[in-house]
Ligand SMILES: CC(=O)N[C@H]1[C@@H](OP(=O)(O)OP(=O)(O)OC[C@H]2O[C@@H](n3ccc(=O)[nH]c3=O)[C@H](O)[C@@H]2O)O[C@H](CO)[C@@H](O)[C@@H]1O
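So this first bit is one chain, no partners, the form predicted on its own, shown in structure tokens.
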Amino acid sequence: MTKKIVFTGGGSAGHVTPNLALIDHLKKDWDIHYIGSKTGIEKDLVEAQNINYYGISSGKLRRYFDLKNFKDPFKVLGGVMQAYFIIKKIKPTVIFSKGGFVSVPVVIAGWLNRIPVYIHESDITPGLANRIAMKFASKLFVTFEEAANHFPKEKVVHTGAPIRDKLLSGRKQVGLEFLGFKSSKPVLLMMGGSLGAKKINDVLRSSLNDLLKKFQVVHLCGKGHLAPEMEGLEGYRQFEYLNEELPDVLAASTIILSRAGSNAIFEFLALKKPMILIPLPLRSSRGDQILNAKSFKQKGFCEILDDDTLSEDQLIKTIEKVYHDRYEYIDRMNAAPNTTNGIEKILKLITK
């Protein structure tokens, strides 16, 4: 009898890519299905992998007043009903949720169908979707050990992050050739996320005159944030995002400047890349990235800069410090517990 699994999670790439990392390992032996929103980023990412995809109605879970808050609960209820009948038809062995608002109706529908539901939380504190969904879960997997304090003890298991295999097989020389960079000069990689990080983009670009004296800079600036006037600047390459080339570019990078999303920073940790983290500020987040960054700082893996007070001088000095002390950061990363076997632990628990 073929084992079947339903994945869910969406709203951002961070709620999808860990699922795809697990799916790569399950393709041979499992019949895989994915339930997500009708138009979210997860639809394109999942369908590109030729996986059975089902779109359902999903209302957004907001922490602020909005007139849509009055009608979105009905969308969630509609999504529960749609997911219920999809799951009843598939009859999966297990459901795996990575969070995001679309996952709530799927988790509830799985529970109603008496299917074991496993949830993975990337951050130290659970998002609103997982706070609701955890009541219906059989097990809760967490990336940060500190996250266990926010879940029922009898359900929580510390697994670490599911790291994509292909990220661990990047080739430095291939990355340098793709970028047109020299091997004799260090590479600074700036990643602002799929939507970009305008403040960091602006400060980085205004610092380039100084930075390019010591570094080559590859800048993943987000969709719609390219600066055409900077094309052709020696030692500087900019892209909205990278996909197939990313593992090689990561391998070619000496240090990384980034937001502090959990999936990304654990990938940098697995690759032993010293980091400067600029977490999303409270005005535009629930503070999860601030906690993620503080945890890494306490362990000696990174330095932190404040988005609100970020300046050219501060950015340049911190980049130079992290580069100068890069081997100390790498030594602390090497001494940390194994950070690349999150997939192995999760798969063992699922297949058990």
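So that there is no doubt, residue numbering starts at 1 and follows the sequence shown. This one's a predicted model, so the numbers in the text were calculated from it and none came from an experiment.
Same protein, other form: the form predicted together with this ligand, not shown, and the subject of what follows.
Asker: Out of 84, 178, 241, 136, which one falls within 4.5 Å of this ligand in the predicted complex, going by heavy atoms?
Answerer: The residue from 84, 178, 241, 136 that makes the contact is 241.
Asker: To test your reading of this chain, name the stretch in 28-36, 289-297, 323-331, 303-311 whose heavy atoms come within 4.5 Å of this ligand in the predicted complex.
Answerer: Partner-contacting stretch among the options: 289-297.
Asker: I'd like to check something about residue 14: if you look in the predicted complex, is any of its heavy atoms closer than or equal to 4.5 Å to a heavy atom of this ligand?
Answerer: Answer yes; at least one heavy atom of residue 14 falls within 4.5 Å of this ligand in the predicted complex.
Asker: Hey, in the predicted complex, does residue 164 get a heavy atom within 4.5 angstroms of this ligand?
Answerer: It does: once this ligand is placed as it appears in the predicted complex, residue 164 has a heavy atom within 4.5 Å of it.
Asker: Under a 4.5 Å heavy atom criterion, is residue 261 part of the interface with this ligand in the predicted complex?
Answerer: The answer is yes: residue 261 has a heavy atom within 4.5 Å of this ligand.
Asker: If we define contact as a non-hydrogen atom of the residue within 4.5 angstroms of the partner, is residue 122 a contact of this ligand in the predicted complex?
Answerer: Residue 122 belongs to the contact set for this ligand.
Asker: Each of 6, 46 and 95 near this ligand in the predicted complex, meaning some heavy atom within 4.5 Å?
Answerer: Verified in the predicted complex; spot residues all out of contact, no.
Asker: Going through 213-240, which residues have a heavy atom within 4.5 Å of this ligand in the predicted complex? Please give them in sequence order.
Answerer: The one in contact is 220.
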